[in-house]
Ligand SMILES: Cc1cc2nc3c(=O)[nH]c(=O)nc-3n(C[C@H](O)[C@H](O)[C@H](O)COP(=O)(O)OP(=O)(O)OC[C@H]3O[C@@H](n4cnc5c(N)ncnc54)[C@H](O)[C@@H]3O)c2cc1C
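Take a look at this single chain, the form predicted alone, given in structure tokens.
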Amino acid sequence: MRVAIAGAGLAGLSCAKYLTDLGYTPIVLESRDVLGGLVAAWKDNDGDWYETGLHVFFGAYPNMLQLFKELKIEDRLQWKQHTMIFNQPDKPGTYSRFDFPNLPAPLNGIMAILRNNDMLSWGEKIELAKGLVPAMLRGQKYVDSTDKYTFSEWLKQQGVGDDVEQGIFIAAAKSLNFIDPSEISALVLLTALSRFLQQKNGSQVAFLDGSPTERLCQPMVDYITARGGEVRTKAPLKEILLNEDGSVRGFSIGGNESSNEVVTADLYVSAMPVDIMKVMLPAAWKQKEFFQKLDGLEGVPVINIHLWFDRKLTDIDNLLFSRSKLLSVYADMSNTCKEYANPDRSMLELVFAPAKDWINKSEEEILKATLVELETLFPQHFVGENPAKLLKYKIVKTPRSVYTATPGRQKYRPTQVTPISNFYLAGSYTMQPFLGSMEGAVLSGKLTAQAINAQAHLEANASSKPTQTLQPATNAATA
């Protein structure tokens, strides 16, 4: 059975990969000339990579880690020391660490918090415990019920003070959804904290040993094509063509009338971001409540910044939380990534967030603001007679990234199965427990493949030959 999939991001490629495992023949259609969607990367004229975002992999990403295992590329994940490192704005150039000892969860997380004495006072640690521990003990049902609050509102209800919010959770909120605790749903932070604290290596991070496009997406393409599937770039979806009954007749692709092509299949999947899906909706579908709910979802703007310097600014080989006004997380990729390694010079990759007030500003304005923030993060390199020299920079703007996870968004997130008999959805915005993330995208693709197979099973119920099944991973692999 042939399945046409619009979008070669992680959701689309994951869906295609798992469909091939189940015996289907997918054809993936990507509008751009690069794979990866929200994890896409490009090479500049010097051969240096720049990416759509700063992509890190967590121990609490079971489906992603299972995918690496199935593709036989586990060795491409470079696991870092299990610690969380925060800049200290009141002490420029210094760091505060939460080091996780080799103990079972959640004891290792509790010890990491208790042993940190330069960021949280004992009173603040008690405040934090009074708020978080009961939430973790009350389970996912309680966590799901907090979608009506911002995380700031939820913290205040627990008696957690502003200093703890400012110290830890602004950085955490911006790293998870690129917005502040006063905007993000409490559900997002509590879901992440639950997974990080309840799994021994849940918060441990890994970096790819190269670009996501080459080191993750291309192996997925190779896997798909080796099993009879197809992946095409520069094949933009122009229109979803319908039959008289409202089902999909084909995908019209091509940039202009003279190059139009209609791709037909037995089944169709949109693995496009929600904002693009809303634009591509056929008029006949817009009256359906299922698709009208998509209006409640909108991608969040994100800016990713790459800065190449003439010297090493740091030797830290890990993810860092900047705690600065405009930056959320960053890493010196010359330390963290094998392919980007340079023993003499730094390449900082930084996430500029929240970006809603900056997305339409010039690159020069964004760069200037970033360099001001870097003077606080690395004062020893930017103050004095011989400041670090910026060799080049690259700024990647994504006006609409993962869905903006403000309170109340859960009720707008669709299932992978739609009211259209031969049309399905994939994407981290669809309903799955990992929200808007790489893990969520991979899981959504797997769930879409499962849904397609389940429907085929129902339709072939009279057959004596059972269909295969896939199961989403539920436990984080040990890093």
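Here the structure is a predicted model, which is why all the values come from computation and not from measurement. All residue numbers are counted from 1 along the displayed sequence.
Not on display, but discussed next: the form predicted together with the ligand.
Comparing 108-116, 74-82, 153-161, 267-275 against the ligand in the predicted complex, the single stretch with non-hydrogen atoms within 4.5 angstroms of it is 267-275.
Residue 32 is the only one of 43, 411, 32, 69 with a heavy atom lying within 4.5 Å of the ligand in the predicted complex.
Proximity to the ligand in the predicted complex, defined as a heavy atom within 4.5 Å, holds among 235, 184, 294, 248 only for 235. Using a 4.5 angstroms threshold between heavy atoms, residue 26 stays clear of the ligand in the predicted complex.
In the predicted complex, no heavy atom of residue 448 sits within 4.5 Å of the ligand. Contact annotation for residue 54: at least one heavy atom lies within 4.5 Å of the ligand in the predicted complex. At a distance threshold of 4.5 angstroms between non-hydrogen atoms, residue 15 is out of contact with the ligand in the predicted complex. Along 165-182, a non-hydrogen atom within 4.5 Å of the ligand in the predicted complex is carried only by 178.
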